[in-house]
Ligand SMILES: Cc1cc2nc3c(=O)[nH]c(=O)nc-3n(C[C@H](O)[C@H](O)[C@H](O)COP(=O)(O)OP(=O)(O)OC[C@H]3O[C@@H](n4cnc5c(N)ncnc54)[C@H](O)[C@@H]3O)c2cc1C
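Below, in C-alpha cells: the form predicted on its own, a single chain.
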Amino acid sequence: MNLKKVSFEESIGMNVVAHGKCLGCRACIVVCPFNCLEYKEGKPSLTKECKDCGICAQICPQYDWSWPKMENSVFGRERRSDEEFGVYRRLVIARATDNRLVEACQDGGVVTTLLTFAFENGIIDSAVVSGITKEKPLYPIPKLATTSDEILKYAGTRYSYSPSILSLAEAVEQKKTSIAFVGTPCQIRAVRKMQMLGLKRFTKSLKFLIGLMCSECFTYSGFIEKHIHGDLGLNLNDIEKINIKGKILVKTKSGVKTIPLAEAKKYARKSCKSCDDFSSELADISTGGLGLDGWTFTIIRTGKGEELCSKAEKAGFLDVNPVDEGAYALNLLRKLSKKKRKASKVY
C-alpha cells in the first residue's frame, strides 16, 4: 500500500466538501482507522484530530480521480473511443422468469434475480443493498441481506440516497466471506478505489459489484415529503412503486400519478451534478430501465459479470436478448452518459 500522507482537511475537506461535491457515500468514515470522522449536516466532519494517514483521500470517489487509472485497475485497459459508456463485453436486455420477482421488482428484476441465483447456488452469503425504514415511508437505508427472502423484501429502486457502503462495513463486522455489492456509480467508484488501494479488510470478500444507472438522486425532504406528500397530497404509505420513464410514475393503491421530470429536478441533490458517471462504468454488471417496459438494460463489463449472468441464464433464472445497434434504449444510454459527463464539467 503506497499512501500519500495527507490530512482530511487538506484533501477531501478542501477539495470536495468545501465545493459542495461530497456525494455522501460515507466511504471516508468507514475506512478511517482512527474513527476521526462522522457524517453530520450533510457532510463528513472531523470529531477529533486527524492523523494524516491519507486513507480517506485515496478512496474518496470525488478526490484525485483518474478514469484511465481506474479502468486499468478494473479492466486491465482503458476504454476505446467507441465505448461511450465505459468498457464492456456484452449488452443485453433481460428479465426475471419468476413472475413473483417481476411483480416485486423494478423493470425486469435483473438485480434481484442475480442476487437470488447467487444465494441459492452458494456464490454469496450476503448482499449489500438498500431497503426502506419502518419509521418513515419511502425513506431508504442501507441493508445487509443474508437470505434470498430478504433480497425479495428489499427489491425495488429508491430515488433518494442510501449510503450502502455502511452495510459493507456491517458485512465485514459480521465476518461474511462472499459479499455482493449493489450501488450507485459513486459507491461503485469508492469500492473500486478501496480495491485498488489494497484495503483487503473491506474488499477481500467481495464477489461482484452490480452498478445502478443513475442521473441523480432526489432529496427525501424535498421530493418525497414536500412535493409528493405536501404538494400532491399523496399518502406516502399508499405508494407501491416509483419509476422513471421519461417522467416520474408514482404507483399508488388507487392508480398512477405522473410527475414531469422538470418538477422533480428541482429537488435533485446538488452534489450529484459533480458526478460524471451515469451507468456505473466500473461495475461488473450495470443495470437500468432506460425506457424499457418489463425489461432491464444490462451491461456486462467484466469476466465475473459475464460468468454470473451466463450461469443465471442457463439455470433458467433470466430471459436474455441481445441489444440491437439502433435500439432506442442504447441510444438513450449514450445520450444520458454524454449529458452527465458534460454537466459535471461545468459544475
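Note that residue numbering follows the sequence shown and begins at 1. Note that this is a predicted model, so its numbers are computed, not measured.
Not on display, but discussed next: the form predicted together with the ligand.
**Q** Even though the partner isn't displayed, in the predicted complex is S162 close enough to the ligand, meaning a heavy atom within 4.5 Å?
**A** Close contact exists here: in the predicted complex, S162 approaches the ligand to within 4.5 Å, heavy atoms only.
**Q** Taking the ligand as it sits in the predicted complex, is D107 in contact with it (heavy atom to heavy atom, 4.5 Å or less)?
**A** Answer yes; at least one heavy atom of D107 falls within 4.5 Å of the ligand in the predicted complex.
**Q** Considering non-hydrogen atoms and a 4.5 Å limit, does the ligand approach Y154 in the predicted complex?
**A** It does: once the ligand is placed as it appears in the predicted complex, Y154 has a heavy atom within 4.5 Å of it.
**Q** Should T287 be classed as touching the ligand in the predicted complex when contacts are defined as heavy atoms within 4.5 Å?
**A** Yes, T287 lies within 4.5 Å of the ligand in the predicted complex.
**Q** Given that the ligand is left out here, which of Q195, S274, T219, S130 has a heavy atom within 4.5 Å of it in the predicted complex?
**A** So the residue touching the ligand in the predicted complex, by this definition, is S130.
**Q** Each of S178, L206 and T302 having a non-hydrogen atom within 4.5 Å of the ligand in the predicted complex: is that the case here?
**A** Per the other structure, none of S178, L206 and T302 touch the ligand.
**Q** Go through 84 to 92, 170 to 178, 207 to 215, 250 to 258 and give me the stretch that gets within 4.5 Å of the ligand in the predicted complex, heavy atoms only.
**A** Residues of 207 to 215 come within 4.5 Å of the partner.
**Q** Need the contact residues for 136 to 150: heavy atom within 4.5 Å of the ligand in the predicted complex, sequence order, or none if there are none.
**A** The stretch 136 to 150, when checked against the ligand in the predicted complex, contributes only P140 at the 4.5 Å heavy-atom cut-off.
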